[in-house]
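Coming up is one lone chain in structure tokens, specifically the form predicted alone.
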Amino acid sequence: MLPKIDVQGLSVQFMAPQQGEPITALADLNLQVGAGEFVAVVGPSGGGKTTLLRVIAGLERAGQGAAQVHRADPKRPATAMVFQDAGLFPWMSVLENIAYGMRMQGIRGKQRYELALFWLGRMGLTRFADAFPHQLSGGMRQRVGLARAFAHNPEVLLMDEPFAALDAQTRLELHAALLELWDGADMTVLFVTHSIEEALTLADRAVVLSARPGRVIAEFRVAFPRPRDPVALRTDYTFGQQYAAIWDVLRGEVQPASEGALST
């Protein structure tokens, strides 16, 4: 059976704007994600995690190799992406932002607004339907971004550190919200994060990338059954064990990446 996401021998280079020299972001990266799987990618800054998502989404071209999404339903979008800053249109209301992806799919006005209201309700934001993004907190904007992505109903959801800028309490609340939404959805998720705790809270599998050029250097099967309580997990002895095991691999990559950043 084909994986939902299949990345084979992926290499990506780009030109550094100041040095004028090519930088290799990813080198011979291989990764497979099964249908319905939730995979977290962790790695040091500058290791090509965002580049990987952008290639899968079709926003960036591969230099060598390939990244494919094997679609099961041609009527559904292949991918949707949730960014660090939620990526909402400031001139649109919350409801219009959520409905936008469905509008691009050709879903008629009444149906798309009914679906947008449904997903807004799932995120507990119904009374903010007519508000604009600048009137919302950071956590609320990310809730709208999640609602928009799930309303779009892609086969693959790509998430680029969507909770990184939030405070710890809001981040835990959104972890719980994401787990609840995903539990009822037929959706594969590839989630980029710097946080080992976040990877263990959300994912079925944690994939560790090296320092630049990024490649997969380790994979860990997350030990916890679903459904999960993001707070209760942190009191589990196994949580600490898995955190330490991933950090043992990752810390050897973080130091070289930091030294490289200081030297450029």
Ligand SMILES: Nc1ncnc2c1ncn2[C@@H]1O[C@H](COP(=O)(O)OP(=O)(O)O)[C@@H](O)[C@H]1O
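This structure is a prediction, so every number in the text was calculated from the model and none was measured. From 1 onward, residues are counted along the sequence shown.
We do not show the form predicted together with this ligand, though everything after this point is about it.
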- line: Answer among 37 to 45, 200 to 208, 226 to 234, 65 to 73 for heavy atoms within 4.5 Å of this ligand in the predicted bound form: the stretch 37 to 45
query: Is M15 a contact residue for this ligand in the predicted bound form, using a 4.5 Å heavy atom cut-off?
result: yes
query: Just to confirm, I23 within 4.5 Å of this ligand in the predicted bound form by heavy atoms?
result: yes
task: Would you mind checking 49 to 84 for residues with a heavy atom within 4.5 Å of this ligand in the predicted bound form?
output: K49, T50, T51
